[in-house]
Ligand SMILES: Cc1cc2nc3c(=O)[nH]c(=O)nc-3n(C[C@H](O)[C@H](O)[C@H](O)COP(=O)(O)O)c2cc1C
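Only one chain is included here, represented as structure tokens and corresponding to the form predicted on its own.
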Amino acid sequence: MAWAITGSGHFLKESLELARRLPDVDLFLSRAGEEILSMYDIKLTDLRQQFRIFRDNTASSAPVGLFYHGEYHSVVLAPATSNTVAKCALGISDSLPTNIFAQAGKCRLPAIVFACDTEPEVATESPSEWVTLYPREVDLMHARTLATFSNVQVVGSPQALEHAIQAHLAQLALSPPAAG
């Protein structure tokens, strides 16, 4: 499974805990995703103990070539910023996460997107405290648009993310995540 992390801290820890419980997950980090990990005191060295990690440091997003060779059965973007969701909804692929999303679509692989902005009011954990945010209508619209794409499922909570992954793995007859 290819798992992209963007620049959102919205349930970042919970998303990574779910990824840790899955077999054979590779992490694809945007530059902002890499920054946000350090803001939440998550170290790349610790993640490298379990995951193969691809960083957004090539102009052509070279790691997307792995999709052409059947390395992945699906893509997860979790958590996905409103910026990433908008780019995916508009077909813009200018970062590693948006490129792997585009390549998943071109290779007809399913994608699950844990969008940060799916409700008019969102409680989220910042690096120092819980805050309430009010996504703009344009952010909600992009999430709704993305949900209309073929082979794409948009979810709005860690529980919905886990359920979507479990259902997808069951469809593939692979092991679901261990209970957390």
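One rule holds for the numbers: they count along the sequence shown, beginning at 1. All figures in this text were calculated on a predicted structure; none of them were measured in a lab.
The next section is about a form of this same protein that is not shown, the form predicted together with this ligand.
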Residue-level question: is Thr118 within 4.5 Å of this ligand in the predicted bound form, judged on heavy atoms? no
Considering non-hydrogen atoms and a 4.5 Å limit, does this ligand approach Pro158 in the predicted bound form? no
Would you classify Val64 as touching this ligand in the predicted bound form, given a 4.5 Å non-hydrogen atom cut-off? no
Wondering, does Gly70 line up within 4.5 Å of this ligand in the predicted bound form on heavy atoms? no
Listed by sequence position, which residues of 4-33 have a non-hydrogen atom within 4.5 angstroms of this ligand in the predicted bound form? Thr6, Gly7, Ser8, Gly9, His10, Ser30, Ala32, Gly33
